[in-house]
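One chain is shown next in structure tokens, namely the form predicted on its own.
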Amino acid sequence: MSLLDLQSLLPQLILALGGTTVLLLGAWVQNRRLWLIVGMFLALFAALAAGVMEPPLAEVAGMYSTSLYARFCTVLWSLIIAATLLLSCRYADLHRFGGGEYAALLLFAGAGMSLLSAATSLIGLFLGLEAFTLVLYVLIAFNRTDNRGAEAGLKYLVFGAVATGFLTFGIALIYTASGSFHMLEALSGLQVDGVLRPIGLAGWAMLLVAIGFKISLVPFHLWTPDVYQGSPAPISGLLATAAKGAVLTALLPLLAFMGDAASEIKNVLWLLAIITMLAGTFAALPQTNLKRMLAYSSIVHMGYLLIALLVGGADGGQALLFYLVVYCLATFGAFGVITSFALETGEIQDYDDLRGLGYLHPRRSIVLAAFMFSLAGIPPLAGFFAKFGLFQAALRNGYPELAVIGVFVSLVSVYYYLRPIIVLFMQDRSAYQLRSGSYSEYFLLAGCFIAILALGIYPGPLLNLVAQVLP
């Protein structure tokens, strides 16, 4: 690999080599807070490098793009990694996490997500996806004192191994049919007169199974509520946002490369979108655990984002990226509130434990309510504008049935988003007095809250930005 290649991959190298350095030095200097802060600044530095520096090459080794789209995704995932590290400062002290190992693993995860979003080769896609998935196996079970974490890690490992098998076989079949690993050549080589070859269709079917697991599409979603509930709250937030978003941003150019032959794939995605939205919504209704409810909520939002993938083109891409940013802000913020309420004995998750907290901890409770309202799509928060843009794109591009189902699901979802808010401000019994949050947690929650409010009132700058970076 040449110097120009390395320079073009500078943000990913900052994350990967920075993680390696933190891991090695963390074995010698036992200072948990130090390594979390160092990891946070490394992630911010990677985001700055991706956003500011112009890479000398358009593509590295025929595997990874350095386009505006890839750099935008790198900035987004790096910022989420930095936010996770900042959010984990008090949480890691409570549960005595190894600061060097924890920070290093999160930086490795960020490098994998960045590579996945930038992949222009099926091999690059596989390497990027597995790079952060392997890290997540460890992070999910990182709290060794919690049996639920070990169970969650094992479930994710088993399902993840099966999904990896499907992904590998899918890539092998696509290579067999096309003779190339490069996405543009491989996916165009699957077609004969605009129709997919049978072996190519089988390869895509296996890819969709693997992707369905990674982003919790129904019926590949069964692991999601248990894993979210058992994982440390900051890692649950990462799973629900960047881990899923990286897969979606990799799928967008994949479908674009298919051209007209994507219609057969889109028929399957159309069905998956409907099933995912409806099943996720009705499964979320009876939940009495906040993390499990957010897990089903994330499933529903993946169904919404499939609509944007189906629409495709400029409308679909713009709707997907804008919705993804807004969803990440609100969902990560909600898990941030759960993290800030955490005690040494565990996290406050059940609705019964939330009763009356709105009066003892009003600021965090109000911010959590704002995140729930944004996820429900209630104005003037950004979630409303994101859903409006998504459904409008569906109507303009010939998917009125998906828009109608999406609106119906959004109306039903108001019920399960309102339940925890109502419980927070119920006074039928005395609430538990929890520890005050740290300044780092307050800073992060305030940033997410201001962002979803500002994007709901004035979304123009972000819409213009995502329009410029589309592949």
Partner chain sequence: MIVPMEHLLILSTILFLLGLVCVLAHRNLIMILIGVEIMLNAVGLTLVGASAFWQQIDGQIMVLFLMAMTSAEVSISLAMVVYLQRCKNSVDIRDFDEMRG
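Positions refer to the first chain, counted from 1. Note that the structure is predicted; figures quoted are calculated from it, not measured.
Omitted from view is the form predicted in complex with the partner chain, to which the following refers.
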Among 184, 314, 343, 172, which has any heavy atom within 4.5 Å of the partner chain in the predicted complex?
-> 172
Contact with the partner chain in the predicted complex, heavy atom within 4.5 Å, among 178, 249, 297, 241 goes to 178
Assert contact_stretch over 306-314, 332-340, 67-75, 164-172 against the partner chain in the predicted complex, heavy atom within 4.5 Å, equals 164-172
Indicate whether residue 292 is a 4.5 Å heavy atom neighbour of the partner chain in the predicted complex.
-> yes
Just to confirm, residue 253 within 4.5 Å of the partner chain in the predicted complex by heavy atoms?
-> no
With heavy atoms only and a cut-off of 4.5 Å, decide whether residue 257 touches the partner chain in the predicted complex.
-> no
Can any non-hydrogen atom of residue 351 be found within 4.5 angstroms of the partner chain in the predicted complex?
-> no
Can you work out whether the partner chain is within 4.5 angstroms of a heavy atom in all three of 34, 39 and 436 in the predicted complex?
-> no
Stretch 142-159 - residues with a heavy atom within 4.5 Å of the partner chain in the predicted complex = 143, 144, 146, 147, 148, 150, 151, 152, 153, 154, 155, 157, 158
